[in-house]
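Okay, here we've got a single chain as structure tokens, the form predicted alone, with questions on binding and movement later.
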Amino acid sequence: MPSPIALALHGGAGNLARYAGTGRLELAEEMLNNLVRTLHQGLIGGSSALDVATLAVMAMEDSGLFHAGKGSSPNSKGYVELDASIMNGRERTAGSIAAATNMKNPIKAARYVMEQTQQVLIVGPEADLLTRASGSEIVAPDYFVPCDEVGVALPSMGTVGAVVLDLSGDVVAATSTGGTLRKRAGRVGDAPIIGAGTYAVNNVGGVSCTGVGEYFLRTSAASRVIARMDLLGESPGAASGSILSEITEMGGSGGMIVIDHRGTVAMPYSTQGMYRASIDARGTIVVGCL
């Protein structure tokens, strides 16, 4: 019998209320609504979770609406550093890149690391060398445009991510980011770290996180959500809520998207908003920002 299908997307969590009246929230919601519906049709038609998750993150990287891919913001030295990761729950294979500077779609490079190398994480100039091999375009520094003028003026953070459950029961989680605005050069957050920002295990579920990455690193957030679901039998909502509460108590903030093997979706956040969209196993569609 085929597995239930489900998918969830996020475009980052933070103080999204500051965009009220700019049209940005409405534009992002429309984009995510169209994207989640299109990708869901692909899943119905038999597309793999791996392909759907990759396409989802690429679309968000290319949109320029989020702090990832085209919309990434410069670091403390004035240039963009890109991080991404992907994990396939079938055999817990994973790949990631960090501190890359020249690629249009970091998620493609992360997938290349997973599928074509013996490594999990490649960083810096060596990550940039994978751009062409991975099928991503090499782009010049002026390709990157901080996703909006408000984001340039105010402290900003953001990540994009996808979690997908397909008809075969495979669970894939993927995450991509340009990091926080004016982050310290060389800083790496949770997005490319398997177990912190991204995690997936078949027959349990998948997670992609967003927020102040240092806190997600310190709590091994993504893997511990999956562990709670697996070992304690908690729902995606209970497991993610517990870890997010722990992060909040430590002084951090953010959100995450979670899907279990039954196609149940949770998208909690502790900030003023999170760009998000999902379709669960019952076909229920949720799209929102605040």
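Values in this document were obtained by computation on a predicted structure and should not be read as measured data. In this text, residue numbers run from 1 along the sequence as written.
From this point on, the text means the form predicted together with another copy of the chain, which you will not see here.
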Check each of L43, A59, V36, A227 and return the one that places a heavy atom within 4.5 angstroms of another copy of the chain in the predicted bound form.
A227
Interface check vs another copy of the chain in the predicted bound form: of N102, S220, T180, N202, the one with a heavy atom inside 4.5 Å is S220
Please determine, with the chain shown alone, which of 191-199, 172-180, 136-144, 102-110 has non-hydrogen atoms within 4.5 Å of another copy of the chain in the predicted bound form.
191-199
So in the predicted bound form, does any heavy atom of L27 sit within 4.5 Å of another copy of the chain?
no
If you check in the predicted bound form, is E214 within 4.5 Å of another copy of the chain, heavy atoms only?
yes
With the partner left out of view, is M87 within 4.5 angstroms of another copy of the chain in the predicted bound form by any non-hydrogen atom?
yes
Decide whether I122 counts as a contact residue for another copy of the chain in the predicted bound form under a heavy atom distance cut-off of 4.5 Å.
yes
Quick one: K77, Q118 and L129 and another copy of the chain in the predicted bound form, is every residue within 4.5 Å by at least one heavy atom?
yes
Would you mind checking 172-193 for residues with a heavy atom within 4.5 Å of another copy of the chain in the predicted bound form?
R184, A185, G186, R187, V188, I193
